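Shown below, as C-alpha cells, is a lone chain in the form predicted alone; questions about how it binds or moves come after it.
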C-alpha cells in the first residue's frame, strides 16, 4: 500500500521498519518477560532520529504530518508493541508542547529529546473515573511562584523510565471538566511522587504503567502548558486514538506475517502438502488479510483528513480507525493462534505475546461502544461532545 509519501517521508517509514526488525523485535520477548521499560529500544529509536517525530523542525525535529506519523508508529509497533506505544505517547506530549508552550518552554524542553534522547510520559487516567473521562480529580493549586499537584493517577505509562511526565489535572472546582483541565510537566524525580501498586499485567507489560500518587508535588510556572481548557481544544488529545490504531495494526501485521510464514514452511505427516495448501487455511488467511487491510485503509484515510479539523471533527475521524483496528487486530491475532495450533502458546513464538498485547492495549479509550457512539451521532448530524463527561 503506497499512500503517496514523498522521498523523505518514505525514508522515515523505512527507517522505522528497519529498526523494528533489527533492534526492537529481537528484544520484544525480553521486554515482555521482564516487565521493564524498553530503554535500549528507545535509545535505538532516538539514535535513528525517530524520537523527534512530534517536534517542530525549528527545534531539530521532523514535525511529521499525521499520515507519515501513524505509518512510523505502525512499523515500530510491528517490532515491539510496547516501544511503538510509548513512542506514540511521548510524541503526543511533544505536540502538546508545540501547541501550548511558549518559545521559552520549547527551547527548554525540546533539547532534552533532540540532544539527550529523553522521553516524556502522559498521565491522564485516574482510579475514580472511567477511561476517557474528561474530569480530573488531581488538582493543581497556585503556591508562591509555582503550583502544587495532589492526586492519584493510574496507567501511568513509562513510570520510572521517562524523564518527565505530563499530568492532566484540574485547576478549580468547576462543573466544566474541560475548561478546568490543565497540563503540567513534572520531572521524574520530583519530591512527593510515589508508586502505589505493582505493574503485573496480561499484556503491554513493557509500558510499565502502575498507579502513582502525587503528594504536594511542586511545579514551576514553566511546567504548565497553556491556560485551563486549552489542551482539549487543540485537537491533539484525539490523536491518541490514531496512534493506538496504528499500534494495533502494526502488531497484528506481524502476527499475520509470522502465521503466513509458518503455513508456507510447515508440513504434517499424512498431509498432502504444506499447511498453506489447505483450502480452509487459505480462506482464513484471506479473511485476516482483508480485515487488516480495511483497518489500515481507514487509518490512513483518517490521518490524511487530520490537518485543519476541529477537535470535535477529529474525535469522529479518529473513532472510525480506532474501532476497525481494534476489531481487526483482535480477529487477526486470534486466528493466527488458531491456525498455528498448540505450539503457538510457547513463549519462544511471538503470537501469544502479540495476542496479549493487543487484547490489553485495545482496552484504551475510546472504547468500542464510545467509538460507535461518536460515529453514530455524526451520521445523524448531532452535536458530538468531546467527551460524555463534558
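Residue numbers count along the first chain shown, from 1. No experiment lies behind these values; they were computed from the predicted model shown.
Only in words, not in the display: the form predicted together with another copy of the chain, which the text now covers.
Just to confirm, with a 4.5 Å cut-off on non-hydrogen atoms, which of 277, 307, 176, 116 contacts another copy of the chain in the predicted bound form?
Spelling it out, the residue with a heavy atom inside the cut-off is 277.
Heavy atom within 4.5 Å of another copy of the chain in the predicted bound form - residue from 234, 105, 129, 139
Flagged contact: 129.
Counting only heavy atoms and a 4.5 Å cut-off, does another copy of the chain in the predicted bound form sit next to every one of 111, 171 and 193?
No, none of 111, 171 and 193 comes within 4.5 Å of another copy of the chain in the predicted bound form.
4.5 Å heavy atom contact, residue 283 and another copy of the chain in the predicted bound form:
Residue 283: yes, in contact with another copy of the chain in the predicted bound form.
Although another copy of the chain is absent from this view, report whether residue 29 comes within 4.5 Å of it in the predicted bound form, heavy atoms only.
Contact with another copy of the chain, no.
Look up in the predicted bound form whether residue 66 has a non-hydrogen atom within 4.5 angstroms of another copy of the chain, and give yes or no.
Residue 66: no, not in contact with another copy of the chain in the predicted bound form.
4.5 Å heavy atom contact, residue 165 and another copy of the chain in the predicted bound form
Residue 165 lies outside the contact set for another copy of the chain.
Considering another copy of the chain in the predicted bound form, find the one stretch among 34 to 42, 339 to 347, 66 to 74, 49 to 57 with heavy atoms no farther than 4.5 Å from it.
The contacting stretch is 339 to 347.
Going by heavy atoms, what in 16 to 52 lies within 4.5 angstroms of another copy of the chain in the predicted bound form?
Contacts from 16 to 52: none.
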